[in-house]
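Given next, in structure tokens, is a single chain: the form predicted alone.
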């Protein structure tokens, strides 16, 4: 009898619990089970929750240069994202590419981010610098609208940083009800000055892969992006970076650098053409304090020059995405003008001009075949000698993001 009474009481308690949990109005029948909702909420707050995602991109192609024709590419850039909790995120990108001597593995970036609040994030590690927008947002092969990079925005002949080691705080907030501002402030190792001791022909150049800092000073920088329109179609960005670049305990230890960048992005719909218009542009300037460097032509002598470099590009693309024809709405027409100006008095100085026009065919929203014709007028700069081609070139690239 007592056992029966206990069982009855347990069944009665279970009945009332089930009624309390599952009782709901008819309008709530389509909602998720409240118990499952509670479990998800608890799990989302549970420390150590891991979520892993892999993305990336790859490309391959063929290039018909002035004096040769070659297949290129075979590159693979996996991007790893790991979220430990709602606030903690790790990201990294590897780059595997074929070179003349074999396969090369590089680490483009690897950093940890912590979301302090809705308006501020802190990240630490090696990250893409918000110095302008090309290096941070546009460099992936399937996002870059042309097979080549603008002059000065490549790893060789580089004007301005692409990535660095340090710490950054970034975020965004409303400037007005319809306008936004995004911002970034960072402290990094900064570039390193080549003093010409081992390489006299490169005295005065800045090298940006300063993974172990060559001095005690740190480099400070940041960017402010203004989006004044209510649809955020226009963005104007201002960037700066300042710091010492000379090595400690040398006569160059007080040599500093001042770097500036101005970038613009405008994307809008052209109803009369049933197309999307995309305008991009960026100007980088690098200024290094006055100093004397060994003369490569006479080791007993030294020389100095005004150490100012500029690199800039302007790009326009039109995609007839809204026409009724299923072939033409996958096309995109692109044109870009870029220029590189290095100190004319430096051994490594000179001036390059590049014009590139192309037609892209989008197989889907992240797979594109790019056909481009490019001309390069080089006047002795290192970037000109190492770029895709001096003179005329025809480039075909197939890029995919995944």
Partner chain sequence: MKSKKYIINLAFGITFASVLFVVGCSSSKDVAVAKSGAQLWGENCVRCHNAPSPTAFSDYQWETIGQHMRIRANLTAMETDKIVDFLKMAN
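Residue numbers count along the first chain shown, from 1. It should be emphasised that the depicted structure is a prediction, and the values quoted were computed from it without experimental measurement.
In what follows, reference is made to the form predicted in complex with its partner chain, a form of this protein that is not presented.
Contact annotation: of the candidates 89, 318, 314, 270, the single residue with a non-hydrogen atom within 4.5 angstroms of its partner chain in the predicted bound form is 89. Though its partner chain is absent from this view, in the predicted bound form it lies within 4.5 Å of a heavy atom of just one residue from 77, 163, 214, 113, which is 113.
Across the options 195-203, 98-106, 294-302, 235-243, residues that bring heavy atoms within 4.5 Å of its partner chain in the predicted bound form belong to 235-243. Shown alone here, residue 188 lies farther than 4.5 Å from its partner chain in the predicted bound form, counting heavy atoms only. Interface residue remark: residue 210 is not counted as part of the site for its partner chain in the predicted bound form, having no heavy atom within 4.5 Å. Using a 4.5 angstroms threshold between heavy atoms, residue 183 counts as touching its partner chain in the predicted bound form. Within 4.5 Å of any heavy atom of its partner chain in the predicted bound form lies no heavy atom of residue 73. Contacts with its partner chain in the predicted bound form, taken as any heavy atom within 4.5 Å, map within 194-225 to 220, 224.
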